[in-house]
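The chain below stands alone, shown as C-alpha cells; this is the form predicted on its own.
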Amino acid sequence: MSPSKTAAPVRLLTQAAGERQTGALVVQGHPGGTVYLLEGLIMYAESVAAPGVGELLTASGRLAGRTWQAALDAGTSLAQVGHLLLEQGHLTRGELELCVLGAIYDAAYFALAAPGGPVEFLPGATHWLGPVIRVEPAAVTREARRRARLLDEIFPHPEVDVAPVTPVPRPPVERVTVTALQWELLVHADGQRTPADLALLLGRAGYATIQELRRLAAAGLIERPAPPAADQPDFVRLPGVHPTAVDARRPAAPADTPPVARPAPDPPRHALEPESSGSTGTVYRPPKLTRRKPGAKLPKDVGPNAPPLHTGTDEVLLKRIRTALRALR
C-alpha cells in the first residue's frame, strides 16, 4: 500500500483489514493520527488530539509517573510495555484492556475524521505498548461516524474542537448547571489552551472533552471562536523578548538611519520625584500619598492625574482571576 494524497483513511483502513495486514496506517493533517493493525485487527491508535494510555493512567492517579516511565524504559524496544505492567502487578488485565480500548476509540475518531488527506501505510510497524486487545476495524469506523453525528446534534460548529477555549465573562442566564467535567474545563480554560491541551492536562478522553465543550458552547458559557480567514495563517510565531537594556534618553537617529525599535517613553514627571543624586545619576521614587480615612474621597490633585491603563494588560490573567473569584462565591 503506497502513500496517497486523496484517499479517505476509512477506505484504506478497510482495505488493509481485508488483506489482514500488520502495520501502521499514518494519517497526516490536523489533527491526524496513527492506527496500528495486527493481522487486520486494530491493536492501538494514537493522535495528538487524544491522550494516550500513559497520560490516562498517570493523570487519573492509577499509576505513578515513575512506574510508567520505568515500564517505558524497559519494554519500549521490545514492544512489551503492556506485558511488563501486567507481569509486575501494577495493573490488572481488565484495567489495562479497558484503558486501551478507550484510547483506541478516542484516537481513531480523530485519525479517521478527515475525509481525505495524505495517508501512508507502514507494513510491519507495531506499537511499543504491545498487543493487549484487538478490535474489528468496522466497529471502530461505525463508532467514529456515530460520534461525529452526535457532535453535530449538540452544536454544529466544528471550530470549537480546535480553537483555544475562552469562558464568557458573564453567563447568559441567571443560574447554570454544569457537570464535573464541564466545571474542570471552565476552571482550566485560560484563552490559550486548546481542547487537546485541556484533555492532556486533565487526563480526560479527547472526544469527551470536545463533547462537553460543544455543550458549553451551546449553552453560551464559552466564547464561540470566529472561523479563520482564508488568508490568515494557522500559526504565527511571535518574536522573542530579549532582556536587553535600552537607553530611553538617547538622541534621535538621523533620517537616513534604518529604523530600529523605539525606546520606552519617559515616565510622566508628575509621577516621579527625585530622591537623591550622585555619580550614578538621579534615583526616582514614586510620591508618598497621605493616608486617608476609609470611605473618604480622593484628593482633587490625585484623581485626575491617575496614570493611564497600560495597553499591555494581560487579558488572560484577568480572565483567570475572574474565574477564581466566581469559584469562591
Partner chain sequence: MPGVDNCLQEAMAIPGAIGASIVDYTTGFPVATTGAAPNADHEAAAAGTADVVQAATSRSLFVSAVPHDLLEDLIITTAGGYHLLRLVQTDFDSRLVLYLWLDRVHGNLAVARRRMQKLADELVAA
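Residue numbers count along the first chain shown, from 1. A quick note: this is a predicted structure, and the numbers were derived from the prediction, not measured.
Another form, the form predicted in complex with the partner chain, is not on view; read the next lines as being about it.
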property	result
Partner proximity in the model of the complex: Leu200 to the partner chain, non-hydrogen atom cutoff 4.5 Å	no
Any non-hydrogen atom of Arg224 within 4.5 angstroms of the partner chain in the model of the complex	no
Leu150 within 4.5 Å of the partner chain in the model of the complex, heavy atoms	yes
4.5 Å heavy atom contact, Val26 and the partner chain in the model of the complex	no
Three-residue site Asp73, Ala79 and Glu120 fully in contact with the partner chain in the model of the complex at 4.5 Å by heavy atom	no
Contacting member of Cys99, Leu84, Ala196, Val160, with respect to the partner chain in the model of the complex [4.5 Å, heavy atom]	Cys99
Proximity to the partner chain in the model of the complex (heavy atom, within 4.5 Å), stretch among 188 to 196, 122 to 130, 138 to 146, 164 to 172	138 to 146
Within 4.5 Å of the partner chain in the model of the complex: residues from 89 to 108 (heavy atom criterion)	Leu91, Thr92, Arg93, Gly94, Glu95, Glu97, Leu98, Cys99, Leu101, Tyr105
